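Given next, in structure tokens, is a single chain: the form predicted on its own.
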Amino acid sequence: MKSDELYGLLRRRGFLWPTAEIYGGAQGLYDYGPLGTALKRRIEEAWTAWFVGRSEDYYRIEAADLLPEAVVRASGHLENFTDPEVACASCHSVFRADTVLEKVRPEGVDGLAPAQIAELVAERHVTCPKCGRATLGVPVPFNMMFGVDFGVTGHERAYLRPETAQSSYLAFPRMWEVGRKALPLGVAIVGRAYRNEIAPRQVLFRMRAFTQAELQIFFDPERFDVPIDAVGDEVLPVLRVPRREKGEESPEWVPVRELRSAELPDFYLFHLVHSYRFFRDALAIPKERIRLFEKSSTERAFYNRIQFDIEVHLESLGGYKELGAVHYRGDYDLSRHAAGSGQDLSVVTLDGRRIVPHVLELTFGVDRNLWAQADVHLGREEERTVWKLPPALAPVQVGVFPLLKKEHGAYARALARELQAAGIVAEYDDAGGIGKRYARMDEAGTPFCLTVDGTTLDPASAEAGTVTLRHRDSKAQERVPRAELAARIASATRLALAPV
């Protein structure tokens, strides 16, 4: 589907809509409705189980959204958290430089100086997206953080956090004390981040308030042992820098054992595999639509030593889009915060060495991945629109219907309550014909529907006490005894975790 069509369907079904919609909406801000909230929470829970649950030394915390100015100064965000913007001298519209250059430079403009961007605009005869004139000016840096007055007098300054990661670095010394005082130590946060985007666009992809899921793994670079042999035969769809420089855009499938090198250490590759498998297995993204996009030294974030973006080809947005990443940040973060705070953030390892831990960051955009689930799994099949969500992510796991409201409604309601008591998200629906009810559940991504009918309630029938179980993807139907339903549905909607 096209982006507008997909967004229209999500809005109609109440998954999401613009913030302050009755006032015309607020650019770059969206609210989630009941189904959207449930799907978003399922994605967050799946991410937490997959990444945080892999180690008894990994923890999830919740931190404040506001950060004192001293924190963002030490982290480098006051100086470096900028996007170049270009303005049209004719219509005075302002755009992100990477937006106006995306057709001639799809890899972005990270690392390019304003003069280099201006040269690209001139050489490629890039025109204003709004008025069509070639009057775009020299880019100027624009800091994307939201600053707020802080304290009673308002003379102090604070910022809405531009990423959740900083809160993990601030929490490290406390987590070291309450944890096992051993490395690796993982600190995860799933929460809001805020960026004053120059030109929010593509619905959930360029937002001013969005949800990140990030795991910061603090480790000893000399002693970070991982079971690399267990994933050595995994074949990854990588797009390395040398192939990109030749103009290649499609990934090359390379076994992990062939990627092992000094520039791609084992601990990095192991977690790259784990992240790739999350997209392929937990989110059910076809592997042919995934690529692991290596950023060069001039393209990657200023704090990164190694960076692969996890990209998925999205038809609604016309190409590959970043949905997550694996960043090797070295000791940059703890060293900067140690200098900024005056606190010693080094630790003593089990073998007696004092080190400043390095950081491996696994980052994931929750809102973007919700959109990706719609792009990849929501579509039309003949006469129906069906969202083939992975069952573990479905906002509603089973719809429960009476064939006839008067005759079968009480039994169906009791069955729905029974399933809910067993921890299954069941929704009772008796509005309209059975076909329309199936259609509503198909659009919402509900993997199963149960129908109570005359046979269910007929004591003389050999199938008394059974209900019709309908499978969303195949539309196949079968009779299942009531006593077996909870176990069947719970098993089919459980997230299958990869071995580690």
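So that there is no doubt, residue numbering starts at 1 and follows the sequence shown. Predicted, not measured: the structure shown is a model, and the values here were computed from it.
There is also a form predicted together with a small molecule; it is not shown, and the following applies to it.
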query: Arg161, heavy atom within 4.5 angstroms of the small molecule in the predicted bound form; finding: no
query: Interface membership of Arg195, the small molecule in the predicted bound form, 4.5 Å heavy atom rule; finding: yes
query: The small molecule contact at Gly399 in the predicted bound form, heavy atom, 4.5 Å; finding: no
query: Glu156 within 4.5 Å of the small molecule in the predicted bound form, heavy atoms; finding: no
query: Interface stretch in the predicted bound form with the small molecule - options 337-345, 269-277, 358-366, 178-186, non-hydrogen atom within 4.5 Å; finding: 358-366
query: Sole residue of Val121, Val256, Met207, Leu264 within 4.5 Å of the small molecule in the predicted bound form, by heavy atom; finding: Met207
query: Heavy atom within 4.5 Å of the small molecule in the predicted bound form - residue from Leu323, Leu239, Val109, Val190; finding: Leu323
